[in-house]
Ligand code: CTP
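Form predicted on its own, single chain, as structure tokens, below.
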């Protein structure tokens, strides 16, 4: 099991470190917590020991720890994350001071280092703190910038610890250090579209956007620049991803065309509505006036258009079906000139639209199929990215 070290300092936001531990564990990573002595005034080390199953390190010299543990532990970890990081620890790291376990450990590690500051806005904006941060950045230390908001001192401003989700996303990207998609641009579509009859009525579908958002998150963590074109969802945009919001199929078509020439890989995971009203009304019309007289037409097939236009792009399509999945996915793949088709049976309970899990069948133009059994959409996205990496490597060898 890969392991990270989590340094925890004396900040009122220390309670968020428990969620950071949980999120890394959910990704299959082990966590070893290192606390400063002042941090133990906020939380007892036994809490982190219970959460991680590993003894929490506090003192530089302790009868319970292995000899020269700050050296031996440095060889075991993939990432050193300090969250929350106080102005004090940032100053120590920038100056090379090594007077406790955490600051000594920092000098011993050769893995990526990620720091998430948390402090009063005056302390954070102080020229000395900013200079220390600049110095560490020049040394290769990465930072998760703090949020702006309500602080423990009662003031509003920058210095609030970033969300655990954002911190963990940045950490996972550093752990996946080989970054196979570095210098690649991924264009991902997600969610449903809405085709309006009037300001309150529209045609749509049950897509939640979860699959597309997980694909965008995974691509960014593997080093890509990611552009996410999303229909209406309630999802939080993944860290590091550029989001462009749309409503209708025509808006999605325009957004995709705008970014298409830059894209190396395009994943069309959005569930675009197949039909729209020929005429959208500016006012809500009584039901009695429109019943039986709705005039609809097909929306543009964005994926098929991209297939005709593609030059160097690797095009990944998604097919939501309720029967004959492999046959229909293969037909769509050939007709739309797609390099990889991801099909799923949305009639099955617990997978597809709106669910956290999915079960998909991958199809290639040469007739190959690969079924990925039910798993979280996060896991499915990782499997798809692995296949995309293979396709990109094949293209590179053949070019």
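Residue numbers count along the first chain shown, from 1. Computed from a predicted structure; not experimentally measured.
One more form of this protein exists, namely the form predicted together with this ligand; it is left out here, but the text below deals with it.
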property: 4.5 Å heavy atom contact, residue 116 and this ligand in the predicted complex; result: no
property: Contact label in the predicted complex: residue 81 to this ligand, heavy atom within 4.5 Å; result: no
property: Heavy atom of residue 238 within 4.5 Å of this ligand in the predicted complex; result: no
property: Proximity of residue 215 to this ligand in the predicted complex, heavy atoms at 4.5 Å; result: no
property: Heavy atom contact within 4.5 Å of this ligand in the predicted complex, the stretch among 218-226, 118-126, 301-309, 96-104; result: 301-309
property: Single option in 87, 273, 172, 263 placed near this ligand in the predicted complex, where near means a heavy atom within 4.5 Å; result: 273
property: The single option of 246, 319, 77, 315 touching this ligand in the predicted complex, heavy atom within 4.5 Å; result: 319
property: Full three-residue contact with this ligand in the predicted complex, heavy atom 4.5 Å, for 268, 332 and 336; result: yes
